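Next up is one chain by itself, shown in structure tokens, the form predicted on its own.
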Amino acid sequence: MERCPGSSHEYDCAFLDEAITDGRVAHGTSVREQYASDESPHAGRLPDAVVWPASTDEVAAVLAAANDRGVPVTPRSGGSGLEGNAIPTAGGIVLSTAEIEHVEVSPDDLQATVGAGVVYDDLNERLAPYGLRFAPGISSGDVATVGGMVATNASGFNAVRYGETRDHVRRLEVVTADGRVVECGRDVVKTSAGYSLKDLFVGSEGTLGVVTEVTLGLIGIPEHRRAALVTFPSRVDASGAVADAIGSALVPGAIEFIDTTAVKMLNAYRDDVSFEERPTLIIELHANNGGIEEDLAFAKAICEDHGMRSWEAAAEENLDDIWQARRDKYHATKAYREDWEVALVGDVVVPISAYPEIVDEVARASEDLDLMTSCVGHAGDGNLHFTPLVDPDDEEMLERAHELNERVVRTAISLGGSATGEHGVGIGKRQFMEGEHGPALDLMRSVKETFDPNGILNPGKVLPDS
């Protein structure tokens, strides 16, 4: 893990004590150090202050005052980002939205209006009595907040059926760099009125404005869930089954790919599960009628066509345990080899027909560069994650891990995919933006200049230096 250096420029943030009351401002070094990093390996700079506004008006007061003084502001929510999205690169202020956590459910409209600081799992717990949920199914749901999910357009296990965060956002309340409060979108499923500013803010990682409130569309909790653990002779067979399943118009609730190395790590980490150590798919189907058994049989037939070795149907009462094991994969990787660390968590997405090719590319690159790399992925929408383990004291090994990442990302882009499927750009993926977007980057820079002419909002993120 890289260490965060001190800021090259110190900003006087005493004005925050007037904008925010009740002691929700920290100037002390020990607190500031906690907000100089996140779950990523990227280095930031020590902020000059940390502030926790409890309302949209307080966010507006902070931004207006910071903008007048040219003080950088780094918005932050749960701190679970993996690309350095929410760590400061220029000192200044870290603005946490964790205190903005109101929830108002409108079950008749299948909607909920929530503060940016509401944690994903907590929201779904509040929604469960209504038979509703916010659907993307992210693995860090115990810490990630709705505001952070909007900022990175997060998604996860269930995106193949229900879409990413963007697909559920109806309306946003956003504070711009100069302190204006604007509403984007309406509390309806569709609108054709004007430019969709709402969609511009989703995925902008706090570089255009700070999201304070979100109206989300919800889905009903499915009446029936069926799942199976399926093993295959090779990673190509497993990923080929995914491509055929999606291409055949099967709409699963989730399809997760887990390679052999990842399975070994999970088995070593958890005492209550024991997976067969082969390339594995977790296939889950959802329905509110009796057709789910036919869909499960269809999925099994596709897997048989790709040489599956085993098919183990999971009882409905065991599904949560299976998914918890999958959520534990990151922790299992970190714990697998004592004194070694996860160099990075790769995140690419490709057209579904190219999924076997990107899975194979990770394996080839790992072999070429002599790295222990495990893979999992939300395979149904073409998303793949890869995590090389390295000796943190071996600089040359760490360089090889970053070489692997660059090779896989550039391959994904060449296949018509993207450098990031759900983690966002942050610091780590800026170098790939030109290869993915080309001349469109100039338009993005124009948008940034319009919304944030003084460049105070989350500097050093998303857009590469011109």
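All residue numbers are counted from 1 along the displayed sequence. All values reported here derive from a predicted model rather than from experimental measurement.
The form predicted in complex with a further copy of the same chain exists for this protein as well; it is not shown, and the discussion that follows is about that form.
Residue heavy atoms within 4.5 Å of a further copy of the same chain in the predicted bound form occur in exactly one stretch of 185 to 193, 332 to 340, 229 to 237, 113 to 121, and that stretch is 185 to 193. Among heavy atoms of G217, none comes within 4.5 Å of a further copy of the same chain in the predicted bound form. In the predicted bound form, a further copy of the same chain sits beyond 4.5 Å of every heavy atom of H102. Taking non-hydrogen atoms only, T74 never approaches a further copy of the same chain to within 4.5 angstroms in the predicted bound form.
Contact check for G290: a heavy atom falls within 4.5 Å of a further copy of the same chain in the predicted bound form. Interface residue among D12, D442, D22, E18 relative to a further copy of the same chain in the predicted bound form, by the heavy atom within 4.5 Å criterion: D442. In summary, among the residues I322, I352, M308, A363, the only one with a non-hydrogen atom within 4.5 Å of a further copy of the same chain in the predicted bound form is I352. The three marked residues, S37, E58 and S80, fail to reach a further copy of the same chain in the predicted bound form, with no heavy atom of any inside 4.5 Å.
Applying a 4.5 Å heavy atom cutoff to a further copy of the same chain in the predicted bound form picks out H423, G424, V425, M433, E436, H437 from 423 to 437, in order along the sequence.
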